[in-house]
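Just so you know, structure 1 and structure 2 below are the same protein chain in two forms, each on its own as structure tokens.
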Structure 1
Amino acid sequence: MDFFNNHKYLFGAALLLFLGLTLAVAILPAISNQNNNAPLPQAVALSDEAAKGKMIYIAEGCVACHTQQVRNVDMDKLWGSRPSISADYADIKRTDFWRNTATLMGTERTGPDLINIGNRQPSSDWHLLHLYNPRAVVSQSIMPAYPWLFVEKQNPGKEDIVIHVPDEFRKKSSGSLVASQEALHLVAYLQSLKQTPLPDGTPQPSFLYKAEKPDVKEMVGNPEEVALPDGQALYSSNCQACHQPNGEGLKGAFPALKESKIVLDENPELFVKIIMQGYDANPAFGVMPAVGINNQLLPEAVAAIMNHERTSWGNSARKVTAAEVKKIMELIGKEVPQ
């Protein structure tokens, strides 16, 4: 055909087809998306520190391993309380003259998703130690260490934030390790990553591909002795990062659960309260976040975690039941209206 023997027509046609399709599947949807989405009413803009921290997050290429999106599938539930929606990203604009918008949604999850890390792990002590060397807190972690975000000082001042690194992860030096401004900014950014609640009355988008849960009542004869979920797995997801797999915590940062009075107490009230609402009574250790509330743990899960802690590492206390925990949780709920 002569049409195809004319290079202008041929390549013109190919280019037009490509441009037309591009317009339809990329440019127009992108423009319509940015014009039709606004930040949620309760969304909080990044603070100055967090914004600077985001620049470090970008520079260090954290997006290579960490996503920032909760997909609308059941398996993503642990990363946030609801699926991410367009509005969550609507406020992210071009970074600066040199750099493009950084939504940082990511395409690989070699490490955990971080869109809700500010709720899941609000402790700055944990983050700083983890950044200095992730293996100091999570022994199996393969995340890079970021020692260049910390400086050594012989006599740290009052303002300085000193991190307590276990000896095996310290380089040979006598000084104290102090978090640099960059490290603090990065942690401020991570702490700012929280899912914004939807405005009242907005229907929550649902999670698809729900896992089929066996009917617990049918499995066990005695309704009092409802089968609890796997306590060890729940401990590993919710507690282990600080309190460690051996329950011994980390000196100067996170208290031991092994032989802990609170864990072993016959009356589990304080124990449940700490799990649900956090704890900051002991100045020798970091602040414990409200793990239970943040991660929306159900009474069954809390009971399972407690029983794991009460019966592992040489601990031996009586097991608690879900009903017992539920009662205490209801009590706490009345005490402190959240």
Structure 2
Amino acid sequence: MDFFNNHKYLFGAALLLFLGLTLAVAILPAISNQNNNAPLPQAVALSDEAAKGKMIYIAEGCVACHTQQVRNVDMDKLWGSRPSISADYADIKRTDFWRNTATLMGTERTGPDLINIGNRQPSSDWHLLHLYNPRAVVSQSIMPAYPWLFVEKQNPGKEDIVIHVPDEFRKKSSGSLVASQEALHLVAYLQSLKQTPLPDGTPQPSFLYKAEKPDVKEMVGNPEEVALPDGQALYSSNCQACHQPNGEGLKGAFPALKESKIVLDENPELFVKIIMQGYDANPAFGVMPAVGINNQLLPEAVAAIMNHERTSWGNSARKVTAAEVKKIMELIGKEVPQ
């Protein structure tokens, strides 16, 4: 029993136990993860601007309310096209020698998941306005505003990025609101958050508890037409953030779809072009991204969105067919997603 009476033995045994546990519980699993997980082949490294934005994202506490993980449950399909896998996080490195990075996967989803926000919402104008005052674009939002990321200038320069803020959210400011470099870096990081496609031939992780849905291509009525998906739901996930639930947009920021000549035009060609290619012809509003291409919308989905917009909020225009939209998509020279 001399072991228990000898402090050298006791402290030596405690040290060996500590080192053994550290090796077994922390070091070996970390080496295994490092050796067995790598970024996906098509993964894009963060740009310098996005890397700086990541640090602002962490410093401003965004990780407290937003996750970056798509769970393998059907309800998470809203946030990404597939469940997250370990390779999605393999390129996240330490901040520096002394500091580990924040837990970007998040632990609480008070706000929406952001792992694919760069695809879901690619508009920099929307992100900047949302940072300045989230209620300007989402009236029910509980996210805090970040006005300190913007400066007021009476005479902004050519290089300044001026944000279009509706009058009711300007807080009596008379000058132009200009995004700071910190705001631009943060937006660059948010725009970089895109789910990387899996390599060809790789089994796609499955979502659990799938709800039964009818085949949107089930033939109905006219054999040349197909049943369209829910246009209102597609509008909510692809368009509503900017153009608002009432279709009235935001004055000085995003145009109204209600009573819009483009939306109601008998010839839908320009309407389809705007959805697929984006729009930047009106300096009074922010740039519209190429929603159709970015979100890989099929002709059926585009037709459903258009029909919802053409028949809602008092609008009354003829409905378009998926075949009509597909023909226009082919004419404008853009590949139709399959």
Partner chain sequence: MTKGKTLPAFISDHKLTLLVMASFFAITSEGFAQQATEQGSFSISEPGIMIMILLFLLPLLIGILILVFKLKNLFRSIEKSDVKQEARNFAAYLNELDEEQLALVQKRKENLEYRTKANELSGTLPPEDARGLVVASIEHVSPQFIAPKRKALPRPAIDPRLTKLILWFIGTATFWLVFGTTIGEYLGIKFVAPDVDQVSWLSFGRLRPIHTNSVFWGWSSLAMLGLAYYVVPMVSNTSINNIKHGWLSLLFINASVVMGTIFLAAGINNGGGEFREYIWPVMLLFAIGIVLTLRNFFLTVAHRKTKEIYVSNWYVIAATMFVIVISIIAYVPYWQIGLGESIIQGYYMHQGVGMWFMLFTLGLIYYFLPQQLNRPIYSYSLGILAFWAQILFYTVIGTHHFIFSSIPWSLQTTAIVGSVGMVIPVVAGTANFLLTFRGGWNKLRDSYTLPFFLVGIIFYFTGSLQGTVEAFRYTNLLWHFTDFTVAHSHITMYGIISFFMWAGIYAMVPRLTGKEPPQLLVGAHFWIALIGLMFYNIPLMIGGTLKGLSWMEGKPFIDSVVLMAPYWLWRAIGGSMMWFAHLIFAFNLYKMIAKKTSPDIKDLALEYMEGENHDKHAQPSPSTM
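Here the rigid core means the biggest group of C-alpha atoms that line up within 1.5 Å when the two forms are laid on top of each other. Just so it is clear, the model here is predicted, and its values are computed rather than measured. For residue numbers, the reference is structure 1: its sequence is counted from 1.
Where the criterion is the form predicted alone, structure 2 meets it and its counterpart does not. After superposing the rigid core, the Cα of Glu159 is displaced by less than 2 Å between structures 1 and 2. With the core held fixed, Asn37 shows a CA shift below 2 Å between structures 1 and 2. Shown in the overlay between structures 1 and 2, fitted on the rigid core, is a CA shift at Thr101 of 2 Å or greater. Overlaying the rigid core between structures 1 and 2 leaves the Cα of Val263 displaced by 2.5 angstrom.
For Val272, the Cα shift between structures 1 and 2 is 5.0 Å when the rigid core is held fixed in the overlay.
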